[in-house]
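Next comes just one chain, in structure tokens: the form predicted alone.
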């Protein structure tokens, strides 16, 4: 039996953070490392569908979904039931000790739904761990050492992952020296083109510059892989222009480099396709999954071509909890649920694109609006001409929304992007209600900042 709460909202009964949440934050300060920063200081008690309820009784509409995890809403009954059924059988044995059905069935299912039908998989504890393993597998296959990633990328928080992530603060600062043989390159960030060109007259010169790096000493002939997000997430919800990934795919092919597609945030319906790379005519060599893969159960995966995934020797990969049976059971249900809600991304994209573009016309501080599917964002600047980032304004907008019952996230290389992660199950009236709260917050904070 799956318990339901019938949450409705947004509903604020005491200004957040309320007294109970403040007590929880005090405990956090006393017992939890300072390295963990809390973005929205409400201590949560219940989550259901598109809603969150805190310990003080406030109900929030959730446009964060656990940083892109709960694409099908919080605690969908079918997923909870699937996990409960597995819990009644066994919780853990370790796949390296003995195989079990949920892991095998999930690997088989991934071979069916991935672009190009990537045949073999391994399951780990998180997207971060999956990135680590993808690179290990690529090195075993190519026998090369250099890894190419992007300056505005985010791939996780392990040593290798922060080495592949360009943002110094807060991800890399104080943790060096980092992993060697990593080359960071410019991304197709058209709003802030590092080459000061414009699409389409640029002819995707940013991709050509990656070819130059890859084909110039010391990288020439020694590039193991290129790791890229189809749409950059933490970097600021940045989709590259048409033709970009096709060109990168060709550059990797010409140089014998493995193309690793990081779908941790873009996968499982977020961009309107099962996987973000399917918005381009490209099949990756390896695909990394996480977040929406299991809708909240800790799981990450690497799926790839047979010859690549077969390169590591026996017992060279694994982990005690990787591919936990309960998590895999949840992931199998997650795939079914995602297929059902995928069509709703068209409505979400239509509504969000319309509203965000209206704000761009209305507010000088909304410098850019961009995204794909249900992965839309807005970048805030002081002036359109100067494009001076406004991270303080962006943070104030986030906190304003929080006070009025809406959870949203910020992102971007400069911390000046509001990103929207509504659950794919959301109805239009509730989506509009959340956007109304966000629009009011934008107007109020712009006025306070003297930018109106």
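It should be emphasised that the depicted structure is a prediction, and the values quoted were computed from it without experimental measurement. Numbering follows the first chain given and starts at 1.
If you look for the form predicted in complex with a small molecule, you will not find it shown, but the lines that follow are about it.
Shown without its partner, this chain lists 126, 86, 345, 279 as candidates; in the predicted bound form, only 126 has a non-hydrogen atom within 4.5 angstroms of the small molecule.
Proximity to the small molecule in the predicted bound form, defined as a heavy atom within 4.5 Å, holds among 271, 324, 265, 334 only for 265. Considering the small molecule in the predicted bound form, the lone stretch of 378-386, 154-162, 207-215, 173-181 in range is 154-162 [heavy atom distance within 4.5 Å].
Though the partner is left out of this view, residue 352 does not reach within 4.5 Å of the small molecule in the predicted bound form, counting heavy atoms only. For the chain shown alone, residue 132 is not a contact residue for the small molecule in the predicted bound form, no non-hydrogen atom being within 4.5 angstroms. The small molecule in the predicted bound form comes within 4.5 Å of no heavy atom belonging to residue 285. For residue 234, a non-hydrogen atom is located within 4.5 Å of the small molecule in the predicted bound form, even though that partner is not displayed.
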